[in-house]
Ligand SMILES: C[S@@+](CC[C@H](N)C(=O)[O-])C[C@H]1O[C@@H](n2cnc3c(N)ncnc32)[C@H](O)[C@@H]1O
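First comes one chain, alone, set out as structure tokens in the form predicted alone.
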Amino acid sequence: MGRTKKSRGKNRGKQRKRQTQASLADKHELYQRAVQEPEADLLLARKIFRTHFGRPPLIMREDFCGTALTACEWVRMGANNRAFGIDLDPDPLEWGRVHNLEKLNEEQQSRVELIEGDVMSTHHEQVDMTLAFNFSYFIFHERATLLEYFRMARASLRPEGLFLMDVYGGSGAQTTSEDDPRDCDGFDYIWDQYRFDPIQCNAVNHIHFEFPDGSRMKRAFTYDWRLWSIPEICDVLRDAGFSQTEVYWEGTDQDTDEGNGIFTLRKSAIDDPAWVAYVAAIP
């Protein structure tokens, strides 16, 4: 009897752990589906550029490119478009090579250059547009470091050039809270504002993903950010040598009271507890 019980326990220990949807999911794919809208970003960037210079931009640089989804979408949007994608982390960059770059045809791939490097020190030919999306430059907590980055961004541009970044804020961004799950067709996206320091304007945020089987990919992504305000950003841009800054503010859907995805040039805006905008800078 003793041997039988021991044998059964040993067999149970060897059983494979149950695979969950979370354990099988790919966090980079989930992020692209839940967070990124490269076509909308690029259409806005192209519209702003054409408004200022009367011609379409051709060469684009995507800073903090991650999986380089935006860079790949840019070359797909035009036969003469070229892109540089720069990121310090080799993991998302390699994922992007396999899952985004290789989905392009051979000719399109020849117009994309992905660079594993620091946006502060990576040099190449000057471009029409440099883009910093997904609030990536918030990793710079000190004004002196942000100024250095903005100077590098300006140096990356041709005389007729555009530097475009997104920014978010509002009173809701300065709280500790976890958003309700947002359905993303097969999984839920959860934005978790884990900690906020009002003295340092420092925010630590997480992204979680949940699945129909009840499993959760906890802290798939974590961000340690300084929440820069729009006036601060514009002041630093001017100190970096940019001659002009503009703010593109998102409109509101009257039925849902949520952002409608339409961004227009604004000088001022009414109070909003959770807003997203774009800041454009011209050399």
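Residue indices: 1-based, along the sequence shown. Just so we're clear, the structure is a prediction, and the values are computed from it rather than from any experiment.
This protein has a second form, the form predicted together with this ligand, left out of what is shown; the following refers to that one.
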| property | result |
| --- | --- |
| Triple contact flag Val75, Asn80 and Phe163 to this ligand in the predicted bound form, non-hydrogen atom at 4.5 angstroms | no |
| Stretch in contact in the predicted bound form with this ligand, which is absent here, among 180 to 188, 133 to 141, 198 to 206, 94 to 102 (heavy atoms within 4.5 Å) | 133 to 141 |
| Partner contact for Trp228 in the predicted bound form: this ligand, 4.5 angstroms, heavy atom | no |
| is_contact(Cys65, this ligand) in the predicted bound form, heavy atom dist at most 4.5 Å | yes |
| This ligand contact in the predicted bound form: Val119, any heavy atom under 4.5 Å | yes |
| Contact test in the predicted bound form: Asp87 vs this ligand, heavy atoms, 4.5 Å | yes |
| Interface residue in the predicted bound form among Phe242, Tyr31, Trp249, Phe49, criterion: non-hydrogen atom within 4.5 angstroms of this ligand | Tyr31 |
